[in-house]
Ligand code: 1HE
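Before any questions on how it binds or moves, here is one chain, the form predicted on its own, in structure tokens.
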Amino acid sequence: MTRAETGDFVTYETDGDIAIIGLNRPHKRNAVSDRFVEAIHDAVTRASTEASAAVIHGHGPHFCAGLDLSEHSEKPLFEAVKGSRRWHAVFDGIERGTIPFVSALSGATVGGGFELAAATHIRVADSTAFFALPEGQRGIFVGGGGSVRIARLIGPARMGDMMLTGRVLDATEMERWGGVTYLAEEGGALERAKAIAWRMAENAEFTNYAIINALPRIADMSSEDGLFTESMVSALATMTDDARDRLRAFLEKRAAKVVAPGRDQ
């Protein structure tokens, strides 16, 4: 590690070209308060200027148990609206920022914790991870972007099921539903997430930016508008010096070929 720092709510460290952000409120199962959201924002902003990819994980046995309800229950109506919109802005900085993020999930990935994980581009869950949206039982509603991000990952009907019934899913079930990208053994999510982040950090900077920003926008477009946008982004990507160097390396047989899993080049 080149640098490790511990704040009131998050830890921050770098390992080569990746940043590692740790949710650091284990005595509260990393439940998110307004100050916690601001600490996440500061760490994400820093990572976006210092690293090529980043990992978010939880200290202790749980990733994040969601919203700190002791704080939320005291908020006036409009303050609650503004708080939700701040979560949206901070999580948007993850989903549609400048570098890709991986979340390493263990234990509780519940409510706002699931919303945070859904804002990352890749989710790695170990065998202890479990997922729930208990808003129906709490008399509240998702407010951290879940109605958009989680619904697009697993579908609105399945999300509605979780909210209406309090259904809890383990990592394997959530992987089948599309909310988890990779599975890991107990205690192995962080190392797997770091390995994925290192691999993404090797990609061309502009291509990573295009993938995390163009793809979700194209999904919101009509087919024809999406195809037009794809052409523009594709052409722009080939104009970078990085792309020219990488394509030249491939043509000169200096770059690795794509091969089937488990086979040598």
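Note that the coordinates shown come from a computational prediction; the quantities given were computed from them, not determined experimentally. So that there is no doubt, residue numbering starts at 1 and follows the sequence shown.
One more form of this protein, predicted in complex with the ligand, exists but is not displayed; see below.
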{"property": "Segment assignment from 152-160, 178-186, 165-173, 132-140: heavy atom within 4.5 Å of the ligand in the model of the complex", "result": "132-140"}
{"property": "Close approach of A53 to the ligand in the model of the complex, 4.5 Å, heavy atom", "result": "no"}
{"property": "Any non-hydrogen atom of A31 within 4.5 angstroms of the ligand in the model of the complex", "result": "yes"}
{"property": "Proximity of L236 to the ligand in the model of the complex, heavy atoms at 4.5 Å", "result": "no"}
{"property": "In the model of the complex, R199 touching the ligand (heavy atom, 4.5 Å)", "result": "no"}
{"property": "Contacting member of A210, A204, I218, L69, with respect to the ligand in the model of the complex [4.5 Å, heavy atom]", "result": "L69"}
{"property": "In the model of the complex, residues of 106-127 near the ligand [heavy atom within 4.5 Å]", "result": "A108, V110, G111, G112, E115"}
